[in-house]
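One chain comes next, on its own, written out as structure tokens in the form predicted alone.
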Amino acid sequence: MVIKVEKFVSILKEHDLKVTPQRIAILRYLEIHRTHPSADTIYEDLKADNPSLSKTTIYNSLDMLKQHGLVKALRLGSTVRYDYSTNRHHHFWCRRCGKIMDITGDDPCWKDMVGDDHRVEEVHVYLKGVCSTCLKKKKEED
């Protein structure tokens, strides 16, 4: 997958953020790897091509990108994972393989719970269970 650097330069400039090679690398990584990686995974994968990269830079950059709405942070259990897709969606977390999958669609039930008197800025929903791939493997093993 070829993704032009200019895309990320433009995104950073649109949000009045300093354009740095590290921020570009993180955004590019997250767009390619839609697996909801942790900061440590991003660091481990990027440091091979960027030997001077530090974990602190990764964490600070992710925090900055999150503050500007360019990435989402998902707290699943004790781990924070990052999502490049900032449109409203939910997640399914497989307790067997650990894979996190996007679930599209809107769940309007939260509107009934909070009414019109509040401004909802974020909704975090994740479903936990066993994914179809793991269920299929289990069935084949039995």
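For every residue, the number given is its place in the sequence shown, counted from 1. Source: prediction; values computed, not measured.
Just so it is clear, the following notes concern the form predicted together with the DNA, a form of the same protein that is not shown.
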* Asked: Looking at K128, H118, K18, H124, which is the one with a non-hydrogen atom within 4.5 Å of the DNA in the model of the complex?
  -> K18
* I100, L70, L30, L53: which sits within 4.5 Å of the DNA in the model of the complex by any heavy atom? -> L53
* Asked: Should T35 be counted as a contact of the DNA in the model of the complex, where contact means heavy atoms within 4.5 Å?
  -> no
* **Touches the DNA in the model of the complex: C94 (any heavy atom, 4.5 Å)** => no
* Asked: Can any non-hydrogen atom of L46 be found within 4.5 angstroms of the DNA in the model of the complex?
  -> no
* Taking heavy atoms and a 4.5 Å cut-off, does T57 contact the DNA in the model of the complex? -> yes
